[in-house]
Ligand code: DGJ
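One chain comes next, on its own, written as structure tokens: the form predicted alone.
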């Protein structure tokens, strides 16, 4: 609910559990007054204190008044170069070379429903949303800045976006444009980021805010394996069930910056948006630039409440699932069984062994096109290799479907091999500066998706493939970072736009495919979790969580991912042991328990499985299907922290009505004289009684307070599942 006090120019955004407020003051400066637990309202600007602080300058219109400074006030969208020395939200350069931004409130507008952003991902919905637009202007530079706020009350969700318009007669260079600025006047905050590397993504890192700036960023052209565009500010004491926390996610898949600043007055500023690294956007008179959307959820009740609200909002109002209301299929991927060495008969054999086990989707991975016998050639030539697949997809796919399975393919459309017909015909279609050697990643170059002709060629190639056979799934991969970012199609003064235009180009192609093939399920991937962000989820309802399929490493990867992103978005499969990434051997039971807290599937040669393992796979697929709605759409509870190296890692899926729950646990390394332990559950209805695995009857409050006794584990990394139903 949005409440506007027009007389006092106070704007209050209420959600189910929180209140967000800002005010345009007597100098038309837009001040941030409150974001926290829901309150009745009123003008909270009385909380702002004014005093003369040394070396904090004062706006010109104040004359000799010294107790008002932009440097000390909580701003809604911070200025640049006019007295505030903290992190700026925006920076632009007119033709005179000045880089000043003095934004003042002009007007506001209320709308029913949710705003949308052309060419960019955004949360969506109908009348359950409200929109507030606040317009601010730099009168000297004639630059208009529109601040967009979307409010989804039931989910405690507030979205932010920014549009910058050049209303003058000069050309302006936009050099920075954050999507979110949040000034928090609160003591004792921690900054939580989710960091790592390829195969070890989204490890939780928590540290107190110290004086100065702490930041994470990506300059790799993607959101990256290394840092995620989701961060948290929280009380020192915040945990799963207690304490105030602010979660902020950027709906963007390219270079980003997330920065938190602890100021001289011990206040805090959080900034989130497109990274200003190599960013410079030219705005001719009348032109505009739209920054990506950011999403905010404040939770007065700890991380768990915040995560569950993000999960619900992302599932219901961001992801556009082509099979909405239907169960997604359990898949088998051939990569770990064959790598590049396969033919049609081998693929059919894998599918033939998978179908009786309950697997429903066969995915043909890398190596089916062009001259793709190794990773040194073939990318860009999206034509079936008929030596491997005689008769092409139109011959192979019906054979797979006769087994009762649907069919999917792997593609990597953003890349090109130098040994390819495409590169030989169009070497200028790859990113790379003239007269400079090009850097390679995985022996490949990056196609310039900022160019229309490149996007059109790739779209047509994908369309030809999809039209050739009954294909229901595509895994869209991207296996290197962007380097040598220079476009042959852009002038020298527009090269600062290439990083961002590349991301917009990827979004455009994905949107065309989604529009023209509305039943096609696209899974995002970038060497696993290198582009796991809310922006990609708008186009790809699920994303391969990590190339690391080791079940024990996945406990940490999926734990960190769960702070923002729902289980239904996490691509997670059972793979063979010893694991290819770690060499570790874990039972197939444990591998299944971990993988089914994701989209679920298998990546292994099923022909090498023992009869006992095949029976286990059959039981796992049947169990996952039977409990699909609970796992994928239930509320997620983290019951332990795997980063603490405790005796177990546990989590739970609880139905929205709390009448059903699935508790999952994986033990740690076994030790002698292990103590007796109990596992306290979460999320149950204390007034209901529950059967556990079809036995007994225990009150919900007892299970949450006293817990459930754990068995003695006599080997490392054993698993347990408890299925609870209300009686």
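Please read all numbers here as calculations on a predicted model, not as lab measurements. Positions refer to the first chain, counted from 1.
The form predicted in complex with the ligand exists for this protein as well; it is not shown, and the discussion that follows is about that form.
- Per the 4.5 Å heavy atom criterion, the ligand in the model of the complex is contacted by stretch 525-533, the sole one of 525-533, 511-519, 244-252, 266-274.
- A residue is said to contact a partner when one of its heavy atoms sits within 4.5 Å of a partner heavy atom; residue 410 meets this definition for the ligand in the model of the complex.
- Contact check for residue 130: every heavy atom lies farther than 4.5 Å from the ligand in the model of the complex.
- Interface membership of residue 360, defined by any non-hydrogen atom within 4.5 Å of the ligand in the model of the complex, is ruled out.
- In the model of the complex, the ligand sits within 4.5 Å of a heavy atom of residue 335.
- Checked against the ligand in the model of the complex, the candidates 202, 475, 160, 308 yield a single residue with a heavy atom inside 4.5 Å, and that residue is 475.
- Contact with the ligand in the model of the complex, defined as a heavy atom within 4.5 Å, holds for exactly one of 494, 442, 111, 401, namely 442.
- Shown here without the ligand, the chain has no residue in 690-720 lying with a heavy atom within 4.5 Å of that partner in the model of the complex.
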